[in-house]
Each structure stands twice: as C-alpha cells, then as structure tokens.
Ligand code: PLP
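Before any questions on binding or motion, here is one chain by itself as structure tokens, the form predicted on its own.
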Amino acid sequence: MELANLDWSNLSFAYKDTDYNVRCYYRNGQWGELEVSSSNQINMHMAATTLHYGQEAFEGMKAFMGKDGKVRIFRWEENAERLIRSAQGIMLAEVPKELFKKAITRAVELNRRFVPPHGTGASLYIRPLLIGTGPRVGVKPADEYLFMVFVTPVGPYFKEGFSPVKVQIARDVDRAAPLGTGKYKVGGNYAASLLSGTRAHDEGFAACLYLDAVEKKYIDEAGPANFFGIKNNTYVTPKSDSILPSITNKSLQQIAKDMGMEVEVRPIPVEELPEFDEVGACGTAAVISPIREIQDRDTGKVYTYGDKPGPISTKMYHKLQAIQTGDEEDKHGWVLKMDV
C-alpha cells in the first residue's frame, strides 16, 4: 500500500484528516453494528447530554510500525478497561472490550497508509471517543450514545521532543477534586486545565504542574501527563485519587522493576523536589518528557535538574519505545501485532 505523502520525521502533535473512522451507536439498551464513515463530522441532537452536561469520555493510544512491517498497538486492553471505568464514573453506556478492540483495529486497518514508517519517531495516534447523544434538558444520563474511533499520524506532544522542558507550579487553580472526576479520562478535567495551561505557555513553560486540591502540599498531575521523580535507584510517582491512572506510567513502573529499581507510589510533598536526580512527565502523547526546571509561580522557588535528559529517564524512554515498535522483546504481552 502506498503511504500518505507526509513529512513523517517532522510531524507535530496535531490533527490531520485520514481516510476513515468507525462508529457504533447505543440505542434501545444495546450496541448496534460497527459502521465505517469517511466524514469527519458528527450529527447530533442540539440537546445531547455531551453538549450540555459534559457526558463524554475518551482514550488516547498509539500504533507503531515495526521493522518487520507489522503494525503494533500498545496495551489496548488497559485503554478499554479505563474507558469502562470512565463510563461507570459519569454513567455512560459501557463499551464492551471486544467492541473496543474491533473498533480500534478496524480504524487502523482502514487507515494503514497513515501509519508512520519505522524509525521516523512518529506514530499513529488512536482516539476512541464515547459521548451521550440522547437529548436531555433535565440533568440525567442520556439513553443514546455514540462510540467512535478516529486516528491521525503524530509526532512528539511537546515541540521539544525528548529534550527537557520547564514546567510551572500553579497553586491558584485545581485540575480536579479528590472525590471528583480526576481519575476518569473525561473532557471536563482538560477544560479545567486550559486557563492555567495557557497561562503557563504564555509565561514560557511547557506545562502546568498541579498540586493536591485539599492542602496544596503534594504533587498531583503534570498538566496532560503523570509526574515521576527518580532518586536512590527508585522510581517515585504520586498517589492521589484525583490523578488519571496513566498507562504509560504503569508501564514505566514495570520497566523500572525490570531494570532492578524500586518503585514507590505515594504522596510527594513539594519540599521533596530538590531531592530528585531526575524528574519528568509521562503519558501516551508525550511518552516521557524530561523536566529541566520547575518554577513555583507563587513562592518564586526554582528547582533545576539539568539541560539534558537524565540517564535513567533516557534508558526507560528508549526501552519503552523499543517494545512499542517491536525492536525489543515484549516480555509482558503489551503489544497487539496486526498483519495489515
């Protein structure tokens, strides 16, 4: 199959139209058949619950081209299970795992020519989306839903790629409350971060680093990604009920163990930041984004970690990527190989 005419090595993390997306509707208490569409538009009722009451959830995942010509989707089951948890959290119709798998593989197959070649550093981003389409004026769940999957080829999330970035601690905003929707992948959490995230960008930072909403003492989310720190041969990442459980973070914890490191998932007080040798943000989009400087916007304190990625972060980054692309053995069964 002839590939799309794109500058694969210089892609940004931005939406590009591909050939097809797949859709499935939930009506009368059951899911229908998977449909294929070439339209990038969704028609829905103006009173749909997704528009008025934020009844929507989504996932982010990637597919990679291997040297062997096989496309690999990374940890799809984790994404399927997380979407189910999000659906339970805001009362969406749950997408069965087999429907989820069928939809993502079909979307990749239909858009095979947009899977970036091996070695370009790019990947095919997969976006499953679940929205309430049934009309409601009163605040209650919809009775109809749309599950769809679209894909788009992408480069690194941060323009710096794997180069260290600066982030800003913001104490005057909360991303999510501990008993709210922070642990679900729903759009409202990201809407809540737009103002502070844009301010951080305007002030010269790649992302905003949020603290816990109760005491403002502990590290929470790192903008669109999870936070981690490394010291004393230990991988440390925050424990909080308002943090989205990152599948990349979960994978890095296993890789750290495979490398003979200790792993700690616990509250991380701001005062501990100077003790780390390396810090970073991790997630599907960024994979690992090393952090070279953290600046506290309110106190003026600055924590620095060097202008180059740390040795452990670098090793973990390349190891994870090698598993995703098939360059290294998949010992944990994380990859779904496709013959397309």
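This structure is a prediction, so every number in the text was calculated from the model and none was measured. Sequential numbering from 1, following the sequence displayed.
Just so it is clear, the following notes concern the form predicted together with ligand PLP, a form of the same protein that is not shown.
| task | Would you mind picking out the stretch of 143-151, 246-254, 211-219, 232-240 that comes within 4.5 angstroms of ligand PLP in the predicted complex, counting non-hydrogen atoms? | result | Only one stretch passes the 4.5 Å heavy-atom test: 246-254.
| said: If the cut-off is 4.5 angstroms on heavy atoms, which of these, Cys282, Val279, Ala57, Ala63, is the one near ligand PLP in the predicted complex? | reply: Result of the distance check: Cys282.
| said: Counting any non-hydrogen atom inside 4.5 Å, which residue from Pro116, Pro224, Gly134, Gly197 sits next to ligand PLP in the predicted complex? | reply: The residue from Pro116, Pro224, Gly134, Gly197 that makes the contact is Pro224.
| said: When ligand PLP is placed as it is in the predicted complex, are Tyr20, Lys102 and Arg106 each within 4.5 Å of it, taking any non-hydrogen atom of the residue? | reply: Answer is no for this spot.
| query | Might Arg175 be said to contact ligand PLP in the predicted complex, defining contact as any heavy atom within 4.5 Å? | reply | Flag for Arg175 set to yes.
| request: Verify the contact flag for Arg72: yes if a non-hydrogen atom of it lies within 4.5 Å of a non-hydrogen atom of ligand PLP in the predicted complex, no if not. | output: No, no contact at 4.5 Å.
| query | Just to confirm, Phe158 within 4.5 Å of ligand PLP in the predicted complex by heavy atoms? | reply | No, no contact at 4.5 Å.
| Wondering, does Arg82 line up within 4.5 Å of ligand PLP in the predicted complex on heavy atoms? | Residue-level check for Arg82: yes, a contact with ligand PLP.
| task | Would you mind checking 163-193 for residues with a heavy atom within 4.5 Å of ligand PLP in the predicted complex? | result | Heavy-atom contacts to ligand PLP in the predicted complex: Arg175, Lys185, Tyr190.
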